[in-house]
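Okay, here we've got a single chain as structure tokens, the form predicted alone, with questions on binding and movement later.
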Amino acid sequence: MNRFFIDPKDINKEDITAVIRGESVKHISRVLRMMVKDRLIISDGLGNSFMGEISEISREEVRVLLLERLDKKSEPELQVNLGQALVKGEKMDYIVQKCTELGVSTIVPFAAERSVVKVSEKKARDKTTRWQKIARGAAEQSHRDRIPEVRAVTVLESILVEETDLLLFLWEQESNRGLKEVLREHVNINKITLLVGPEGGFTEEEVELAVSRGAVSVSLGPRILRTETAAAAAVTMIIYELGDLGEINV
């Protein structure tokens, strides 16, 4: 069933109605060709979802009668924050999309020393807006209850000082600790921050800085993965080992 995120202010719990606005209206009426009495799922992006029935469709909005609140949750209890170094082309779009589908809570783009992409402040704002839109679409497609926050482009050091239960970074030169091994040593944690470098990887200086702030370097295995593959693979492993990936939500 199709799911749509709307502003919490557009949900009226008193008269049990909701209003869908913006681009979703065109998608509902012209792409999906939905009609009055058709059912859909409404989410406020904060973890609350409702089964709804379309009561009215116009050019500007779709009005929905809320039938019931859905208790089945699609969010992992484990909070995974992804710090992703800026990468070129459509790779960042792919990372945002796939990691949203997998269940990350927050995506923080940062400029690494070897990041090929250099963005101005205005361009960074435009890109963040684009990535947030991609995250929204991916959250709807994967039936999540929340939309991950895509934060403004920052620097590595600002991520390293954020509070977390476990701070990990992928490093292709790590030969002693695999990601799986480290995760199995931390089975009772609630929040993980994962750092993934750019196409050329982290520099020695960045590695030293991360380690000095308590980060643990880990390997994904004997093969060197592209950064977009590494991000999705690592998030998958984390949520499989410590989250809900592979489970049946009854």
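On a predicted model such as this, the values are computed, not experimentally measured, just so you know. Throughout, we count residues from 1 along the sequence that is shown.
The same protein has a further form, the form predicted together with S-adenosyl-L-homocysteine (SAH), not shown here; the description that follows concerns it.
- For the three marked residues, Glu172, Ser219 and Thr227, a heavy atom of each sits within 4.5 Å of S-adenosyl-L-homocysteine (SAH) in the predicted complex.
- S-adenosyl-L-homocysteine (SAH) is not drawn, but in the predicted complex it has a heavy atom within 4.5 Å of Pro198.
- Not displayed here, S-adenosyl-L-homocysteine (SAH) is approached by Phe202 to within 4.5 Å at the level of heavy atoms in the predicted complex.
- Heavy atoms of Arg59 never reach within 4.5 Å of S-adenosyl-L-homocysteine (SAH) in the predicted complex, leaving it off the interface.
- In plain terms, the part of the chain that comes close to S-adenosyl-L-homocysteine (SAH) in the predicted complex, with a heavy atom within 4.5 Å, is 190 to 198 out of 50 to 58, 65 to 73, 190 to 198, 36 to 44.
- Residues of 118 to 141 are not found to place any heavy atom within 4.5 Å of S-adenosyl-L-homocysteine (SAH) in the predicted complex.
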